[in-house]
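Same chain, two forms, each on its own as structure tokens: structure 1, then structure 2.
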Structure 1
């Protein structure tokens, strides 16, 4: 079976959980004998600053039936309207005088431009299924479906309601809704997400199949060498610093914890539009000396961050799934997650709290840090539980959908 798959990121050309999920899912599909052509947008600047050749070489060396195709575009992971304008201006400034840009004048025009190229790619092989990940790729999938006459599967990892806290951009919302309506089947990463698709977009629940994410085991052997005061316990936040992830609640809980136990260091790993807010807020709360900001992490540094921590906290306001708790448990670090997350549906050996309940969050952090029996139980049982996860399982569910449609 040949699958034409559209996404907006793929490791190492990625900055979030979507790329991790796409890499895991395509590997699982490959293990089932599926031939995947994965298409992502990438400008010349992006390609020059990434390890694109390593992606291709690794896939070829592994003899997996996955090929990564880059389409010249200014679109990039988690891009917003302002980000696109800035990137377009950077490109335009580098052009010779009088030369015009080939890229779209705004984010949405560039999404359309990518969809026009998708029609050409679709005709390059005899694909059986078209599979798209999140809103930027839905117009591409719709046009590929029309030229090929093949079934379209759209995979929703986050809705516009998740990203904006319930205040969606109308144009993006319309693109999502059109993608859902044009799709032959919708895959949601959790029941939490499925319900949002049904409630906010008016989609028949029978059209939506839940396919939970998984985690890949990379054999990383972590070492606790953080450079942090050896007397301090370490609590970690790792993720994009955006409203959806609730990083400010991590700081509010940190303030409560430090009032009871000053020997704790809080590490914030990631970047995003709330980064400066987070730095300022830590100063405002009077805890800046106990909060470390690492910036964006990738590769082994991610596992190293998990392994140095005594507890990982994911206080997301609206998390469709959330792979990071699985990554933390993979490294033997207990987790505290918000109840407003898809991963809470499949993970039992962890602590759960409402994202807004900073008192309960602080109490549970203190419990794990100060009660060794609880820490050990969460660590051992959590790691055993996550060992049962495999990308072959969601790949099998995708295969069932593919066969149902073909």
Structure 2
């Protein structure tokens, strides 16, 4: 079976969960004998390392090849309208005077331009099915379906409602809805996300299949020495400081915890549009001496952050899936996650709370900090559970959908 897949990113050229998820799913599919051609938009300034490595890295294990095709485009994941214009100006400025840019003059024109190219790619091979990931690729998928006459699967990792906290951009919303309508089947990364598709886009629930994301870890990482020898217990937030991730609820819970037990330090790791707000808020709440901001973390520093924490909290207000709690458990740190997340549907050995329920959040944080037995049980059972995840399960579910459609 040949699948033409459209995505936004693919490791190592990825900045977020989408790329990791696409790579995991494609690998799982190729283990099932599916031949995947993965198309991603990429501008010349983005692509630095060799494509060949990318392909070879996956061929070692896979029964079938995964080929990755790059399409020259300025689109990148998690991009908003302003980001696109900035990037376009950067490119235009570097062109010789008088030379015209080939790129679209705004984000949406570029998405359109990409979809025009998709038609050409679609005709390059005998594909059996088209599968695309999130809104930027939906116009490409729809056009590929038109020229090929093959079934279209659209995968939804995050809706515009998740990203914006309920204030969607109308153009993006329309593209998402058109994708859902044109699709033969919709795959959602959680029941939580499926419900959004049904409620906000008016889609028949029978058309939406839930395919939970997975992770595949090479091993348990264990705890790294953070170098910090704090007397305080440490509670960690790690993620983009943006409304979707609910960082302010972390501060409200911190305030409540500190009223009860002053010997706790709260670490906020990450950057984002709410960074200044967060700093101001912690001062306003009178807990600035108990809240540390680390700025952006990457690589080993992320593992160190998990390792130094007694508890990781993910207070997201709308998290279609959410990989970070699994990463935390892999580092031996128990987790408290919001119920408004996809991962809470598949993870048992953790604490769960409604993101808005500050008292319960604080109650559970204090529980883990006060009772070593609770910390140990959550850590050990969570570690065991997280190692059971495999991309084979979502890939099998995906295969069922493919077979049903072809």
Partner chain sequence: MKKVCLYFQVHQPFRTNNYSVFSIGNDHKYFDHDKNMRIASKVADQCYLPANKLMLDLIRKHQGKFKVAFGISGVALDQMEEYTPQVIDTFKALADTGCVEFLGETYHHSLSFFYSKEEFLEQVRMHDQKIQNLFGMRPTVFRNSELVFNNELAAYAESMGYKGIVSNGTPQALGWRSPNYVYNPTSTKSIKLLLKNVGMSEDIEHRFSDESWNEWPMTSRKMAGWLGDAEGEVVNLFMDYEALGEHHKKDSGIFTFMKQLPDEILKNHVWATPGEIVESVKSAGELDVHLPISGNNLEGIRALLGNNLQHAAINRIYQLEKGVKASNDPELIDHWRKMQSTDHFHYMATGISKNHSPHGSPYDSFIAYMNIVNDLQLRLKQPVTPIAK
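Residue numbers count along the first chain shown, from 1. Each form is matched to the other, and the largest set of C-alpha atoms that superpose within 1.5 Å is called the rigid core. Since we're looking at a predicted model, the values are computed, not measured.
Structure 2, not structure 1, is the form predicted in complex with its partner chain. With the core held fixed, the Cα of residue 260 is displaced between the two structures by 2 Å or more. Remark: with the core as the superposition reference, the CA shift of residue 357 between the two structures reaches 2 Å or more. Once both forms are fitted on their core, the CA shift for residue 116 between the two structures remains under 2 Å. Once the rigid core is matched between the two structures, the CA atom of residue 368 is found 2.5 Å away.
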